[in-house]
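To begin, one chain is listed below as structure tokens, in the form predicted on its own.
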Amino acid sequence: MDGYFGSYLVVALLAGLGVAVVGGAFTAGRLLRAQRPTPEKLITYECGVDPVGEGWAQSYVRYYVFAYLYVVFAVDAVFLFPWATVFAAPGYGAVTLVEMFVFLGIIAVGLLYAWKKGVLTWV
């Protein structure tokens, strides 16, 4: 267990143990559950209302753009927290400050583009 590959062996064993526990839980759930399917149980259930019509519905692409913009700003926040710790380290202040302003500039240009296209207006 010593050496370079010994540490990977521990990780592989723990990953295998995790997969075995999850697989065992799924198998136990499958074996222990009650299985009495009826036609009423097999229909699609949606908020207590019987389904009417097809299951296909068209959604606005604007909602996906909102989700995409959220991801962009969430990633922005993920990069800002480590940057704050590096910025305090001696010798990295000016370089990291310039890099972060370039990064925030790119994010700002993307936000400005989305605003100019009218993406940020709610339906």
Partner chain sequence: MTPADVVFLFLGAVTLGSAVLVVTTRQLVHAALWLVVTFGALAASYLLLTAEFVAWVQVLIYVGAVVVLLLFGIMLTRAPIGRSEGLDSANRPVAIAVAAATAALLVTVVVAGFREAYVELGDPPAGTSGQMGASIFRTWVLPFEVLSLLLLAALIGAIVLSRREIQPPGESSDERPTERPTGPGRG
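Numbering follows the first chain given and starts at 1. All values derive from a computational prediction rather than experimental measurement. Each form is matched to the other, and the largest set of C-alpha atoms that superpose within 1.5 Å is called the rigid core.
Omitted here: the form predicted in complex with the partner chain. The next part is about that form.
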*Proximity of residue 27 to the partner chain in the predicted bound form, heavy atoms at 4.5 Å*: no
*asked:* Considering non-hydrogen atoms and a 4.5 Å limit, does the partner chain approach residue 44 in the predicted bound form?
replied: no
*residue 82: heavy atom within 4.5 Å of the partner chain in the predicted bound form?*
yes
*Distance check, residue 59 to the partner chain in the predicted bound form, heavy atom within 4.5 Å*: yes
*Given that the partner chain is left out here, which of 67, 88, 94, 31 has a heavy atom within 4.5 Å of it in the predicted bound form?*
67
_Residues in 93 to 113 with any heavy atom within 4.5 Å of the partner chain in the predicted bound form_ = 96, 99, 100, 102, 103, 106, 107, 109, 110, 111, 113
*Does residue 15 count as moved between this form and the one not shown, where moved means a C-alpha shift of 2 angstroms or more after fitting the rigid core?*
yes
*Any chance the CA of residue 78 moves 2 angstroms or more between this form and the one not shown, core superposed?*
no
